[in-house]
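Have a look below at one chain only, the form predicted alone, in C-alpha cells format.
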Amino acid sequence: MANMKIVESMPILILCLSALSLTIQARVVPLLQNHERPSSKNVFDTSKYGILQLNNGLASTPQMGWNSWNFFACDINEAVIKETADALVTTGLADLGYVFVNIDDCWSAQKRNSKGQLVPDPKTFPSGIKALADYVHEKGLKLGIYSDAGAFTCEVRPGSIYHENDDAELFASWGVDYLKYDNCYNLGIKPKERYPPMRDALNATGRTIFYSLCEWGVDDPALWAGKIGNSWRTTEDINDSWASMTTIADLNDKWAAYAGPGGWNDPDMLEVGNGGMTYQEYQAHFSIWALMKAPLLVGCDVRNMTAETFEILSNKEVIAVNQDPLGVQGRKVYVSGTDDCLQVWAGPLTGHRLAVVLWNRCSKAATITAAWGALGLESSISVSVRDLWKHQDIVGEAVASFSARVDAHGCEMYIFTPKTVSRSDV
C-alpha cells in the first residue's frame, strides 16, 4: 500500500501505515520507530498518508466473526447458519466483536436461473439469502456470502467472473455485508485482472460490503490488493494441524509491512476448537493470529464449543491486541534454537505499548528471552509487563530483556508498557 496517491474525488478512508518504516532486516526487526509521536491519533493524519482505492470505509481493524468452511465444508443449510448466529449471541462472542456470520461455498444451486442470476440451493436454503440476512441482522450481526473470481466455485457452483455487476447487485439486494471471493476455475486469467471488477461492482451498489480476496497468495496480493480489497489471502488453505498453522504463520509474516487499517493480510481462518491440535497449540495459533492482525474468523462449530475453546476465543486482552487501532501487524523479530524453533514475535500498539509473544515451536519446554534490541527498545528502558493469558501483571519491571519458560508448542503473550518513551536508533 506504499506510495499510493490521494484520490480527491473519494471520501477520506482508512490510512496506510507504510510511513511506519517497519523494514525487515535479517533476523532482527526494529519495531518501535514512532515512539516520539505524542499520540496515536497522529498516525492516521490524513495530510501524510494515502487512502485506499476501495471506497467502502470498512476494515479499520481486522474482521471478526465466523465462517462455515473449516468445520462444515459443504454440509451447510439455513438452520446451521441461524443456530450459529444464535450461538454467537448467547455465548457472548458477538459482544466481543465476532459479528460476521459468513456462509462459504455450496450455498448456491448448481446452475444460474433463466435470468442468469445466482440462486440459493432450494434444498438447503429454501427461505433464500435475504430472509437469512434479515434474521442475522435482527441479532445485531452481519451476513457474509461466498463466490469465486472464476467460471465455477471450488465446489463447482456458478462463479462470478463476467457476472460481477449482476451478482454484486444481487448480494446488495439481499442485504449481504461481506463477500469472500475465491480463486478456482480462474480461466488462467491473472488475479490482478479478475479481482478489480468485483470491487467496482460492489462499490457501484451503494451498499458497504466487506471485500475479502481469496487468491491463496499465488500472485503476492500484498503488493497490489490494498487497492482492491479489505483483506487478501497470503497463503494456501489452512488445515487443522500444527504443521499447517506454523507454516502459514511464517508465510504471512513475510508481508507484515503491507497490512494496515483498511486492508489486512489474511493467513486464513481459525482452526481453534476443531480437534486437530492441542490446547497449547490452539492458544499459540490464536495468539499469533491476533498479533499478526489477521482476521479472527472462527472456524469451529460454535454451537458445541468446549470450555477450553471458548476460553481461547473469548480472551478479551488478546482480542484487544488484534483490534488495536494503531493497526500495525506484529511479526517475527528474533529466533534461536534448533531450526529457529525458539521465537520472539512482537508488534507496536497504541499508547507506546508493545505486544510480545514468546513462541516455543520446539519439542521440549524452554526459556525464551526477548532482548530489547530485537524489540527496537533502548537497553535502558524499563517496562511493566502484563500477562495476557494469566490476566495478571508481572511483579516488578523488566530492563534490557525479559525471559519466560514456555511449554513445548506453547506460547506466552504479554504487553510491555515502557516507563520512558523512546526509540532505538537501529
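Quick note: we count residues from 1 along the sequence shown, nothing fancier. What you are looking at is a predicted structure, and each value in this text was computed from that prediction instead of being measured.
The discussion below concerns the form predicted in complex with a small molecule, not included here.
*Asks:* Select from the listed residues V272, L143, C214, L297 the one whose heavy atoms reach within 4.5 Å of the small molecule in the model of the complex.
*Replies:* In short, C214.
*Asks:* Quick one: from L170, C154, V344, A94, grab the residue that has a heavy atom within 4.5 Å of the small molecule in the model of the complex.
*Replies:* It is C154.
*Asks:* Taking 4.5 angstroms as the cut-off for heavy atoms, does D237 touch the small molecule in the model of the complex?
*Replies:* It does: once the small molecule is placed as it appears in the model of the complex, D237 has a heavy atom within 4.5 Å of it.
*Asks:* With the partner left out of view, is D324 within 4.5 angstroms of the small molecule in the model of the complex by any non-hydrogen atom?
*Replies:* So D324 does not count as contacting the small molecule.
*Asks:* Does any heavy atom of W389 come within 4.5 Å of a heavy atom of the small molecule in the model of the complex?
*Replies:* No, W389 is distant from the partner.
*Asks:* Although the small molecule is absent from this view, report whether D86 comes within 4.5 Å of it in the model of the complex, heavy atoms only.
*Replies:* It does not: once the small molecule is placed as it appears in the model of the complex, D86 has no heavy atom within 4.5 Å of it.
*Asks:* Which among 158-166, 316-324, 98-106, 78-86 is in contact with the small molecule in the model of the complex, heavy atoms within 4.5 angstroms?
*Replies:* Selected stretch: 98-106.
*Asks:* So, W242, R361 and E412: all three within 4.5 Å of the small molecule in the model of the complex by heavy atoms, or not?
*Replies:* No, the whole trio is out of contact, none within 4.5 Å by any heavy atom.
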